[in-house]
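One chain is shown next in structure tokens, namely the form predicted alone.
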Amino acid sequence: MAIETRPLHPHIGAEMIGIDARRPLTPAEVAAVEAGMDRHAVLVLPRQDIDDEQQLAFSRNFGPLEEGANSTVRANELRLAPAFADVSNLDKDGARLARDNKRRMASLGNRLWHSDASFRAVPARYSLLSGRIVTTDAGNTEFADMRAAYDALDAGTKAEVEGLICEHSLIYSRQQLGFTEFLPDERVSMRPVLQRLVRTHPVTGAKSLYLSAHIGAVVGWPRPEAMAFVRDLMEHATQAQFVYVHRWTKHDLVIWDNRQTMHRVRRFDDLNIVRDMRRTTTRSDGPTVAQQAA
């Protein structure tokens, strides 16, 4: 079957058909997906009825996998293998999470605009989210094109952001929602890392803003001024003209490039409706700030 791509938005997102994630990909198919990602930043592959092993194998075509994404969940409480981020509302026994469940409260941070794993020294490249059980009347995922947002900045702001370095931590994003239940070892593992505020795509050369709810400081700036500035940039970058809204259907496999996008999930009735979403994530080639290479 020939590979076809259909844009879903003027700036960001496309549907790709002709790829079967259940079987090994040819080099040409891998190249086609990567080219589509470079162009559109988000790809929707419909009707991908895959299991966990198939999702892992498909994801490895695009780089080494991150592990330990569920950093607020103890190993004996995990429902999925460590290479998955479990963004469902289910516990290890398949029951819906209670309102006060720690994992549920921490995962509410996914409703904030963010870039996956920007709180790691080597952040994420692609995220691949499989919709095993989806909600159709809520729970949309929104994607903001950070390339278009950068291009739309005025010349003065582009000059201002060019050399800025931000601190990112999972603690910063969760504290925005009042979640502070971090154990001492979690606070050590979630120490802030440094990321550039402007990134350049290694293939296309396009510049993009690297924003996320995980930002808690701008190096060299007073924190109140830094957070007010970041808030202004976030409001700019998430204007409707930069955002693709994905309405899930069962077995959608959605891939996005964290180097060029932000995303968030919208609220749904997670106390009464099951939503089983499983994310794998590949790592970027290296840190955005050279001093963190060690």
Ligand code: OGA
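Throughout, we count residues from 1 along the sequence that is shown. Quick caveat: nothing in here was measured; it's all calculated off a predicted structure.
The protein also exists as the form predicted together with N-oxalylglycine; that form is not presented, and the subsequent description refers to it.
- Proximity of residue 114 to N-oxalylglycine in the predicted complex: non-hydrogen atoms within 4.5 Å are present.
- Contact check for residue 129: a non-hydrogen atom falls within 4.5 Å of N-oxalylglycine in the predicted complex.
- Taking the partner from elsewhere, residue 80 is found to have every heavy atom lying beyond 4.5 Å of N-oxalylglycine in the predicted complex.
- Taking non-hydrogen atoms only, residue 259 never approaches N-oxalylglycine to within 4.5 angstroms in the predicted complex.
- Site annotation in the predicted complex: the residue of 101, 157, 169, 110 reaching within 4.5 Å of N-oxalylglycine with a heavy atom is 110.
- Proximity to N-oxalylglycine in the predicted complex, defined as a heavy atom within 4.5 Å, holds among 265, 230, 253, 33 only for 265.
- Annotated contact segment (heavy atom within 4.5 Å of N-oxalylglycine in the predicted complex): 114 to 122, selected among 217 to 225, 114 to 122, 145 to 153, 194 to 202.
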